[in-house]
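The chain below stands alone and is given as structure tokens, in the form predicted on its own.
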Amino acid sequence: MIAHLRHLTRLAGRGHNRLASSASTSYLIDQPEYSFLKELGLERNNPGVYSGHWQGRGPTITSYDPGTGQAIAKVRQGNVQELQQTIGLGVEAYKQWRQVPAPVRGEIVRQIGDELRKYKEPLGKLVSLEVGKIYSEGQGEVQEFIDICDYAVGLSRIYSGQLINSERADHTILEAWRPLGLVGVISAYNFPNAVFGWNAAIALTTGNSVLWKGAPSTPLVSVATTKIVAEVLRRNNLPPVVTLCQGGTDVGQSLVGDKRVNLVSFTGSCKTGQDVGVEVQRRFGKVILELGGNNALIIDSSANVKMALDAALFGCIGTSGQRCTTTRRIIVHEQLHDQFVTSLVAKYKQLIPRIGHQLDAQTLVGPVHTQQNVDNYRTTIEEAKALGGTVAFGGKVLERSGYYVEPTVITGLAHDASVVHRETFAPIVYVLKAKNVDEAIAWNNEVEQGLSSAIFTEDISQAFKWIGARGSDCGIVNINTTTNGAEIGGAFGGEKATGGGRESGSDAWKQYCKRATITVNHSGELACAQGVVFNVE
């Protein structure tokens, strides 16, 4: 695991080096048009560790705008010693927080949501600037955090166990859900605000404290978000039930291996997630894994094709193909395939003038996040062509400042081609031709991940087959909508190599709790279950 995390750290570092060397040495935070950064309490140099106060004695890293390659600001990361201190403080804070009544904890989460509302505009712009996602997606990401806070407030008054009938007279069986302790959250660059929000709002409401390690390439979102939360804690005279420790591989490895971190919620690649899962299980901790997705959109012969085309456009290109729920495969009925490809390419052509900087109002396709994403895009397209694929549209890296690539449609590949079965975090989609829905379902299910899936059909029998035992094996199984853009009300997560974790709504809150089964004997006499008699007169 250590070696793999180091590999990822090197890739993150490589991501901005080429542009950084040619970009101006000035920082965007000092420019008037980026004054929203200072509204969030950011400075040119920012401490990256919060445990009731701000500090950071580890290496200093620079955050870059993937749309221009210019430096935004700097963050001083934490080191392992600071992480250990932060873990200790988080554990102590938990001991106080768990005694606060759940509805009162919900009130604190409500205040966090309100504070986020105050800063939604500048925080959303920071998400866009640092990740590369367009303006509306940055605003939408912060809205997700706000929404899950609203959800958690209601949850604080209703989450509960069961009252279970006992086979013994005058006995009652109860079920109680109690907090775990300290929850560690390791988030990825593509959703640097919302994923923390999904975890933190529910973990806090159920009585846990939270330690966050944000992605190395989006440290400013981590710092700015933590400042907002910390202000609410300060106003309520609360201990640091939310802490932050930005850091490198050593910090991540230490967090994953520490027994005091009762649950680790990890979002990232399948390979690293597998390593994290093994390490946490080695110490009998709990883990939530939200890993990759090779998501398919199926177009049945009865589909509303216009709606399916619109879904494909956002599904394939939203966040420049860097969502874990991005549509990576479109499986089209053979009767519709050729016309669907023609129509999809026509829509893609309309987007070329709207490729641009993520904060420009007219932009629909922003940059990918780093040079590594560009390299992977280029390598994947060359591999697809070598395997016999045809680039129906796109396939080019755009020569301009920033990390821009053309959204790409590839046809003519076998459904089980190696490149089709591998997730590439870039706006590349493979269009496949299937004979019928049964064949399409089989192809949907044959990849190692099982995150999101969708079918477009007007045939009710096919729709119910899709959501039944013979249908999609994914955690998200949609009908007549996109593979991406999930709401917070349902549990989010997937099966197989996606990790099996669930976050956000429904009963995902149970993952942040330990369950107790309680038998209460109010009969005045001892009685054994199953009719066992064991006594001495």
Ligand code: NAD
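Residue positions are given as counts along the sequence shown, with the first one as 1. Here the structure is a predicted model, which is why all the values come from computation and not from measurement.
Another form, the form predicted together with this ligand, is not on view; read the next lines as being about it.
A.B. asks: Report whether the minimum heavy atom distance between G106 and this ligand in the predicted bound form is within 4.5 Å.
C.D. replies: The answer is no: G106 has no heavy atom within 4.5 Å of this ligand.
A.B. asks: Just to confirm, Y377 within 4.5 Å of this ligand in the predicted bound form by heavy atoms?
C.D. replies: No, Y377 stays farther than 4.5 Å from this ligand in the predicted bound form.
A.B. asks: Is S269 part of the interface with this ligand in the predicted bound form - any heavy atom within 4.5 Å?
C.D. replies: S269: contacts this ligand in the predicted bound form.
A.B. asks: Taking any heavy atom pair closer than or equal to 4.5 Å as contact, tell me whether K133 reaches this ligand in the predicted bound form.
C.D. replies: Answer no; every heavy atom of K133 is more than 4.5 Å from this ligand in the predicted bound form.
A.B. asks: Hey, of 245-253, 121-129, 88-96, 231-239, which bit sits against this ligand in the predicted bound form at 4.5 Å between non-hydrogen atoms?
C.D. replies: Comparing against this ligand in the predicted bound form, the contact stretch is 245-253.
A.B. asks: Of the residues G207, G292, G113, G394, which one places a heavy atom within 4.5 Å of this ligand in the predicted bound form?
C.D. replies: Selected option: G292.
A.B. asks: Could you tell me which one of V276, V183, I202, C316 places a heavy atom within 4.5 Å of this ligand in the predicted bound form?
C.D. replies: Contact residue from the list: V276.
A.B. asks: Would you check whether this ligand, in the predicted bound form, lies within 4.5 angstroms of a non-hydrogen atom from each of N190, E423 and F492?
C.D. replies: Yes: N190, E423 and F492 each sit within 4.5 Å of this ligand in the predicted bound form.
A.B. asks: Relative to this ligand in the predicted bound form, which residues of 210-229 have a heavy atom no more than 4.5 Å away?
C.D. replies: Going through 210-229 in order - heavy atoms within 4.5 Å of this ligand in the predicted bound form - the hits are K213, G214, A215, P216.
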